[in-house]
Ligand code: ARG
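Below you'll find only one chain, the form predicted alone, shown as structure tokens.
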């Protein structure tokens, strides 16, 4: 009798237990880099990268929660295990690869220099003597600094503040990734028509998802998802939604 009871109990537990527990991860994104990362009317992360991660997670059978995290603490958070992934338009660089592991590239950009409408430059050298703004610790800032053209750099917590100062005449130019520049030039209601992309660098950069050193299992899932989205055409659909044709 006891044997039948135990068998019945085990059968009940087996039937009620989930067949497979879905792996869950947390991604951090600084949502002040539109249209790649921004917040919706409910202050929730949205944009190209959150949509891409959502589709990636579905493709490989995992869950990824995207949280809005300030840029200046985003890398420390993944290093200490607060987050599993940094998904914040992070350019893959040799310097960053010394501290973190990167997924395969998922997006290509160049740097763009924004000026008020009607003003132009032909090269980074033309920034000499100008006040140039950009988001703190981004590759745009690194590019101007490396070029050593005699520009005065001003770093901001988010690129929108730099754009605001540009339109108010407090600085002369802003440098940022080209999809972000295009968003402010063409799509954002209060800046469209007031700015122009005057110059683009030729050197291409590539975004990757960032994980803590040694997270090989997670990297494999991310890389598989990136590949599947490219092969299925889903990547193109996301790009058309946020960047146009």
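All figures in this text were calculated on a predicted structure; none of them were measured in a lab. Residue numbers count along the first chain shown, from 1.
The discussion below concerns the form predicted in complex with the ligand, not included here.
Options 54-62, 195-203, 211-219, 32-40; stretch whose heavy atom lies within 4.5 Å of the ligand in the predicted complex:
Stretch 32-40 is the one.
4.5 Å heavy atom contact, residue 154 and the ligand in the predicted complex:
Close contact is absent here: in the predicted complex, residue 154 is far from the ligand, nothing within 4.5 Å, heavy atoms only.
Does any heavy atom of residue 90 come within 4.5 Å of a heavy atom of the ligand in the predicted complex?
Yes, residue 90 sits close enough to the ligand in the predicted complex that at least one of its heavy atoms falls within 4.5 Å.
Indicate whether residue 48 is a 4.5 Å heavy atom neighbour of the ligand in the predicted complex.
No, residue 48 sits far enough from the ligand in the predicted complex that none of its heavy atoms falls within 4.5 Å.
Might residue 184 be said to contact the ligand in the predicted complex, defining contact as any heavy atom within 4.5 Å?
Contact check for residue 184: no, nothing within 4.5 Å of the ligand in the predicted complex.
Using a 4.5 Å heavy atom cut-off, are 100, 103 and 223 all in contact with the ligand in the predicted complex?
Answer is no for this spot.
Among the candidate residues 137, 147, 161, 79, which is the single one with a non-hydrogen atom no more than 4.5 Å from the ligand in the predicted complex?
By the 4.5 Å heavy-atom cutoff, the listed residue in contact is 137.
Residues of 162-187 having any heavy atom within 4.5 Å of the ligand in the predicted complex, listed in sequence order
Contacting residue: only 177.
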